[in-house]
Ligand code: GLN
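One chain follows as structure tokens, the form predicted on its own.
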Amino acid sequence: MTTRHTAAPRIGVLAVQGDVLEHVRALGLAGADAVPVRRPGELADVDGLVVPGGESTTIDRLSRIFGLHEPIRARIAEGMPVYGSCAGMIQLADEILDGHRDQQTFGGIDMTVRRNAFGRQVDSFETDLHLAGIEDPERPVRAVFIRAPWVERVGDRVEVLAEAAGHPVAVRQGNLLATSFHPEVTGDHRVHELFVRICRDR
């Protein structure tokens, strides 16, 4: 693993499926050196990782095919910061409900997440949320929910940053951050700025 001491941490975006380019763009605007990650060697050279929204079972299956599943789990255990949005939140959960029979996660956050809890694609919606930990937290974040999960249980070490419909939809545990919604599509980069700060502090 390469360690950098610059103001711009190198943050990878897991590039097997999902909103990869949108996260790369948002991270760059938030002050990171953002790169796609498709191979274990590329993972070894980043200071943090974003697991994007998409389809969690596909991300799981392809990450195993590409030989990334175990390396990501190992880097999480070593303390690498990871941010997961929507399907990425599912991938960071220690336990999932309504998953496929053989579905695996990277884990790391002591929480139970229900897949597609907010409904199908036609049930997608937007709402304003107040999110703890970001710059100007009194100014709401426009949250876009697309076939989104929610959190049904959190452990003692998990900080709930925002809720919707009575359930946590943004959480943090140490260097791990997860949201049910897609901040990469709104033009508001404060969630990405928070993750860049986590990587920089690490």
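These numbers come from a predicted model, not from an experiment. Sequential numbering from 1, following the sequence displayed.
Below, we turn to the form predicted in complex with the ligand, even though it does not appear here.
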Examine Asn116 and determine whether its closest non-hydrogen atom to the ligand in the predicted complex is within 4.5 angstroms.
yes
Does Ile90 reach the ligand in the predicted complex if we count a contact as any heavy atom within 4.5 Å?
yes
Given that the ligand is not shown alongside this chain, does Glu152 nevertheless sit within 4.5 Å of it in the predicted complex, heavy atom to heavy atom?
no
Residue-level contact is defined here as any heavy atom of the residue lying within 4.5 Å of the ligand in the predicted complex; does His189 satisfy this criterion?
no
Just one stretch in 51-59, 32-40, 134-142, 158-166 has heavy atoms within 4.5 Å of the ligand in the predicted complex, so which one is it?
51-59
Given a 4.5 Å distance limit between heavy atoms, list every residue of 127-156 close to the ligand in the predicted complex, or none if there are none.
Ile146, Arg147
